[in-house]
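Shown next as structure tokens: one chain only, the form predicted on its own.
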């Protein structure tokens, strides 16, 4: 039987292979998750350079701790948890990080024009960190409520409540009337 190509291996197998010294396995994990991690980091930090630093720190932690991964969570949620913790720590070390000129963090939903994109970026920037992270994970990155709750290490019910409240805050910041939001 021929070995499966590295691209078809599940995340857990890739992490296990990397822990045993297969650097190509880490490269495959990075190709699967790098853009997603960067998008979440940009949404939290609102700065591309800092987001790249957070992603780099995430991969360094993965490299250091791959052998200790116990499989209680999926590799995907483990990566997101590391990234979210890194980004929040970085944000806390800096008081307020302004948006770069003309740069909007990746947000939800996708705007229809530049004016809407600007309003959405401003509204997302005004949200508390916890609200913004929930929206980024659930609506921008498409994690399930269960996966996002695992990343944030909170109960699913708490995650759902935060998601509902965060969407309500975002709608209010954008001036969307509740009846409009339901249609």
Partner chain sequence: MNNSPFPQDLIERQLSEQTEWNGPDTQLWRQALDAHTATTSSARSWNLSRRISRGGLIAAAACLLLFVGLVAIMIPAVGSARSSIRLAAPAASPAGADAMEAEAAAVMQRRQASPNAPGPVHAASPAVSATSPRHVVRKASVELRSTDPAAAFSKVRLLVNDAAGEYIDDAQSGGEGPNASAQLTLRIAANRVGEVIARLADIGKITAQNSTGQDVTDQVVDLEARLRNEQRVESELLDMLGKNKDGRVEDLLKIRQNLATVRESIERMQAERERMNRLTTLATLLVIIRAESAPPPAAAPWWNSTKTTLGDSWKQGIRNFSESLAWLIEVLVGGALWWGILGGIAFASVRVRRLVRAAAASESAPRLQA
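Numbering follows the first chain given and starts at 1. Every value quoted in this text rests on a predicted model; they were computed, and no experiment measured them.
Just so it is clear, the following notes concern the form predicted in complex with its partner chain, a form of the same protein that is not shown.
- Though the partner is left out of this view, residue 86 does reach within 4.5 Å of its partner chain in the predicted bound form, counting heavy atoms only.
- Taking non-hydrogen atoms only, residue 167 approaches its partner chain to within 4.5 angstroms in the predicted bound form.
- The closest heavy atom approach of residue 35 to its partner chain in the predicted bound form falls within 4.5 Å.
- In the predicted bound form, its partner chain lies within 4.5 Å of some heavy atom of residue 174.
- For a residue to qualify, one of its non-hydrogen atoms must sit within 4.5 Å of its partner chain in the predicted bound form; all three of 26, 42 and 120 qualify.
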